[in-house]
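The chain below stands alone and is given in structure tokens; this is the form predicted on its own.
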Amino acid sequence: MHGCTIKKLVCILFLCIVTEGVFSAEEPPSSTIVLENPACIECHEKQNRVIVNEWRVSAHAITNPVVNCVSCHGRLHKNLASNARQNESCISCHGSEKDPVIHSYSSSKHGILMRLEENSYNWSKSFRLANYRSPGCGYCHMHQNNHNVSTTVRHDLMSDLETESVQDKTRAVCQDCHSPRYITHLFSNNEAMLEVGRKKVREADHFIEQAAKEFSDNELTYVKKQLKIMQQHLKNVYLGGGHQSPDYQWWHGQPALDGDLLRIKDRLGELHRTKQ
């Protein structure tokens, strides 16, 4: 009886607080309240400072414009977690379905399976429960509720300094569904593919560096532009490995890099012939 009385008092007190439109750090706001980002941070710093700090050091916080709580979760407190877990919240910022970051995932086995089944998933459940048959953007990049998406993404593809840390973070996601041996095999293959791509970019960069001793910036405009295109094609190789999309590892990746390198060599050869 005593326990029931206490529960009733707690319920009455909660209803009074919501009715007055006031909520403390311990109480969630009413689902009808429209939130702004400062309100999210003020409350969640008291409840879970870790996720706020993780977001602050992530690429989302330092980009322009800032990708904040409202950007991913929406303004209504109701279903805010469910909204952020679905791929659409990421796609809306990261480009259209044809953008390499998105298309490399959507054209993979994971992406195709997600597209076929996403309407049957219960998005109200946490990622930690591993209850989604196919991983989406949030499942892989915000695994275990971490809010620093940068930990699973490399920022300098020409260097292998980030390899170990990114692989460690990614392995924790993959092993929810796959065996350690299979994951290690994929990582090894991806690194080999990425290094082959790096060699092509380094070769092109070397040729352009040597040509800069003989030709003007204006004469080298085409090859420098082609070198930037190579960087995107190298990124395609990386995306193909990370998202397990063979089309991006190969068709949009390695052969595209081969074509870029041949165009650069051909253009530089033409400049030499013209100079003679």
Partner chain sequence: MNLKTPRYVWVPLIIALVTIPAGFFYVNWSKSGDGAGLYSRDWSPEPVFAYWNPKDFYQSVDTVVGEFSGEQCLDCHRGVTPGIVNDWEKSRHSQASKKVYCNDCHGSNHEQLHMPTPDVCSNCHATQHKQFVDEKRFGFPSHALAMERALDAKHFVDKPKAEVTACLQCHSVATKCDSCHTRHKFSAAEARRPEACITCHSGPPHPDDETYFNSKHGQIYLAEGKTWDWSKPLKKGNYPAPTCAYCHMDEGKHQVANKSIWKFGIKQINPLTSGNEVKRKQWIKLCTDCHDADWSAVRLKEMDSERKTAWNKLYEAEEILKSLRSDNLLHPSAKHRPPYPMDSPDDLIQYEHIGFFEGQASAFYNVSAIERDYFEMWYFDNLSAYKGAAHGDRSFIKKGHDAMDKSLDKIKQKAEKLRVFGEKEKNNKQRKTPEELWLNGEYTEYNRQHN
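The structure presented is a predicted model; accordingly, all values stated were derived computationally and were not measured. Residue numbers count along the first chain shown, from 1.
One more form of this protein should be noted, the form predicted together with its partner chain, which is absent from this view; the next part is about it.
Distance criterion of 4.5 Å from any heavy atom to its partner chain in the predicted complex singles out Arg202 from the list His94, His155, Arg202, Arg75. Scanning Ser107, Gln167, Ser150, Asn146 against its partner chain in the predicted complex with a 4.5 Å heavy atom cut-off leaves one residue, Ser107. The putative spot formed by Leu116, Asp258 and Arg273 is fully lined by its partner chain in the predicted complex; each residue has a non-hydrogen atom within 4.5 angstroms of it. Stretch 191 to 199 is the contacting one of 67 to 75, 82 to 90, 159 to 167, 191 to 199, since its residues have non-hydrogen atoms within 4.5 Å of its partner chain in the predicted complex. In the predicted complex, at least one heavy atom of Asp247 sits within 4.5 Å of a heavy atom of its partner chain. Taking the partner from elsewhere, Leu186 is found to have a heavy atom lying within 4.5 Å of its partner chain in the predicted complex.
Using a 4.5 angstroms limit between non-hydrogen atoms, Phe207 touches its partner chain in the predicted complex. Contact check for Arg133: a heavy atom falls within 4.5 Å of its partner chain in the predicted complex.
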